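In the form predicted alone, a lone chain appears below as structure tokens.
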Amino acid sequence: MSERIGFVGMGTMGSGMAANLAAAGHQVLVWNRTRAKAEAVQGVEVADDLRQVSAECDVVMICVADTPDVRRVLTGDRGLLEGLRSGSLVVDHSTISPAVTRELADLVAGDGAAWLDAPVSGGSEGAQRGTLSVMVGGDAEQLSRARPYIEAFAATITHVGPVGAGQTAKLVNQILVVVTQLGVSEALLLAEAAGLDLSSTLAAVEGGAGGSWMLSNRGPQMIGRDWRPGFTIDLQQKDLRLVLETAERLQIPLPGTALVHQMYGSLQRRGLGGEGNHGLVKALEAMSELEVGVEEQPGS
């Protein structure tokens, strides 16, 4: 029998995920700090507070920005924890600290509830199209319970281990994202400097060994100088902070990731943190006094 689904966080990712849940025929009760954003999502009901979400829904999904935000929606005044009960399931799709994830899972377990950490990858496009990749930590039986709902917005769902493992796998994903984006940025800068047609060059290489999701999806945006975010620099930096904190705890070197973190920091200093993470190329452009691509013409 289908359970009523609660969803907290109607941001760039959460709004698309909740809309896909509703489109799949599920009853969805949502909450967002700014109520107007929740009311803009098609096919859902809007809760008055977080306690209502957890009191009225057996499965509650969360997709908010950072570790303190997850803690706040769970433990704050009239937060989710007040409405959770034995048998409830919390599925956290945010990207947060693996250590804090385990702490919060223990906290809800005190009320007889279960926790899955299930961060997502695929950008705002994936959230809207229902093609996200989800890496899940927690009990396999709880994932079986949640899987029919996650399938409404995900094409790939992978159980990677116990609670906290999903968040750690997401950090692995973010290393691949940013280091690949650095490669895409350097490659297109070289093509620009050499006078190649960028669109033709992209078409020539994306089907070969150098192809990647970042190249195919963010490369055209870079060529058109379209900096609208599928994922912002500010959020990327938050994730890289978690990556580097974990690397320090494990005492392993991640020099490429650290370099990208510093480059994004230089862009934040310029006030570009709200742009897409493919704006990394602007750090290289500043050093080379060269711009990749051309400004799109109005109506193009």
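Residue indices: 1-based, along the sequence shown. Computed from a predicted model, the values in this text were never measured in an experiment. For the two forms, the rigid core is made up of the largest set of C-alpha atoms that agree within 1.5 Å on superposition.
The discussion below concerns the form predicted together with another copy of the chain, not included here.
Participant: Could you tell me which one of Val108, Val177, Ile223, Ile150 places a heavy atom within 4.5 Å of another copy of the chain in the predicted complex?
Facilitator: Of Val108, Val177, Ile223, Ile150, the residue with a heavy atom within 4.5 Å of another copy of the chain in the predicted complex is Val177.
Participant: Looking at Ala169, Leu143, Val73, Ala113, which has any heavy atom no more than 4.5 Å from another copy of the chain in the predicted complex?
Facilitator: Contact check passes for Ala169.
Participant: Given that another copy of the chain is not shown alongside this chain, does Gly43 nevertheless sit within 4.5 Å of it in the predicted complex, heavy atom to heavy atom?
Facilitator: No, Gly43 stays farther than 4.5 Å from another copy of the chain in the predicted complex.
Participant: According to a 4.5 angstroms non-hydrogen atom cut-off, is Asp77 in contact with another copy of the chain in the predicted complex?
Facilitator: Answer no; every heavy atom of Asp77 is more than 4.5 Å from another copy of the chain in the predicted complex.
Participant: Is Leu254 a contact residue for another copy of the chain in the predicted complex, using a 4.5 Å heavy atom cut-off?
Facilitator: Heavy-atom contact with another copy of the chain at 4.5 Å: present for Leu254.
Participant: Residue-level question: is Leu284 within 4.5 Å of another copy of the chain in the predicted complex, judged on heavy atoms?
Facilitator: Leu284: contacts another copy of the chain in the predicted complex.
Participant: Pick from 242-250, 265-273, 34-42, 56-64: which stretch has non-hydrogen atoms within 4.5 Å of another copy of the chain in the predicted complex?
Facilitator: Only one stretch passes the 4.5 Å heavy-atom test: 242-250.
Participant: Can you tell me which residues in 165-197 come within 4.5 angstroms of another copy of the chain in the predicted complex, by heavy atoms?
Facilitator: The stretch 165-197, when checked against another copy of the chain in the predicted complex, contributes Ala165, Thr168, Ala169, Leu171, Val172, Asn173, Ile175, Leu176, Val177, Val179, Thr180, Leu182, Gly183, Val184, Glu186, Ala187, Leu189, Leu190, Ala191, Ala193, Ala194, Leu196, Asp197 at the 4.5 Å heavy-atom cut-off.
Participant: Under a superposition restricted to the rigid core, does Glu125 display a Cα displacement of 2 angstroms or more between the shown form and the other one?
Facilitator: After core superposition, the C-alpha of Glu125 moves less than 2 Å between the shown form and the other one.
Participant: Superpose on the rigid core, then tell me if the C-alpha of Ala154 is displaced by 2 angstroms or more between the shown form and the other one.
Facilitator: False for Ala154: its C-alpha shift is below 2 Å.
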